[in-house]
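Take a look at this single chain in structure tokens; it is the form predicted on its own.
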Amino acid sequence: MINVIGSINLDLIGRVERLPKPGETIPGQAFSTTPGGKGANQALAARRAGAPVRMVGAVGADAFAGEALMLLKESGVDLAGVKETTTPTGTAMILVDNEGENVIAVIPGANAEVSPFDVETTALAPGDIVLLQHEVPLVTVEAALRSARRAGAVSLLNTAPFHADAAHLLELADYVIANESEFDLYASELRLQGPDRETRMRSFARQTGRILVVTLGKDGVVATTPDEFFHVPTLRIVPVDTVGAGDTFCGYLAAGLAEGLALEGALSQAAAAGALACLKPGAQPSIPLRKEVDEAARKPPAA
């Protein structure tokens, strides 16, 4: 079972020709709403990859809640761990330009109500996977990491969004997943030594005994164990919308590990899924099904 403890949002998305500069007002091209939140996105990705998934989180008693949970419910994610609060459902306001780049502002709402008590009431079993992000209180993330260790579960921590005071959490996770800019910031906070990113990654893995995964966008993904370093390419694509690509990667990586794939194979599958998620607009609607990923993974990788 993959247990995702994290955020549930409704994404409010505006399409624009280009992203505005500070203080600038520009005309928009279109508006839509889709379910989102890093936790919910990752839960849906793991489910579409074929894994059984339990979601632990919170929504408000408002009109946004049903829409935010719609695709999770339709896909068969276990929502018994999602509580209703008096705080409004979390929202993300997203602008996406014609090149697929985006800027995002997240209002936590009910996500701030996800507590260590919610972790304590989640029955974890040996061999389970616990997938976490930084869009719920960090005290809850830490409680979940420690609970996973006590239960003999495997923990995956996606370090987004960056929080300087979360740096100590990285060494508590079995797998740490960051994008390149996030890792560079955490490397500074952790005072990792070395002239380049690979050296600093290896330093972290050796010091902690953990596995570190760093996503590089179109350049694929790199990962290190205390003993090995991997570079896995991704698919050649022309992105439409990069929102949710990283979450798709995380969910598929968790599913691949739960399935028993070796690390390099799980990374390759997750990288292909993340690339495919860039071909459609929206976070959750763009997450590919497993059969689509399997078909795409047979194509030649990027050079």
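Numbering starts at 1 and follows the sequence shown. It should be emphasised that the depicted structure is a prediction, and the values quoted were computed from it without experimental measurement.
The discussion below concerns the form predicted in complex with a small molecule, not included here.
- Here is the short version: of Ala255, Ala271, Val243, Ala58, the single residue with a heavy atom within 4.5 Å of the small molecule in the predicted bound form is Val243.
- Contact annotation: of the candidates Val214, Leu172, Leu190, Val106, the single residue with a non-hydrogen atom within 4.5 angstroms of the small molecule in the predicted bound form is Val106.
- Among residues of the shown chain, Ala283 is one whose heavy atoms approach the small molecule to within 4.5 Å in the predicted bound form.
- The small molecule is not shown here, but in the predicted bound form it comes within 4.5 Å of a heavy atom of Ala92.
- In the predicted bound form, the small molecule sits beyond 4.5 Å of every heavy atom of Gly251.
- Looking at 231 to 239, 32 to 40, 63 to 71, 49 to 57, the stretch with residues near the small molecule in the predicted bound form, meaning non-hydrogen atoms within 4.5 angstroms, turns out to be 32 to 40.
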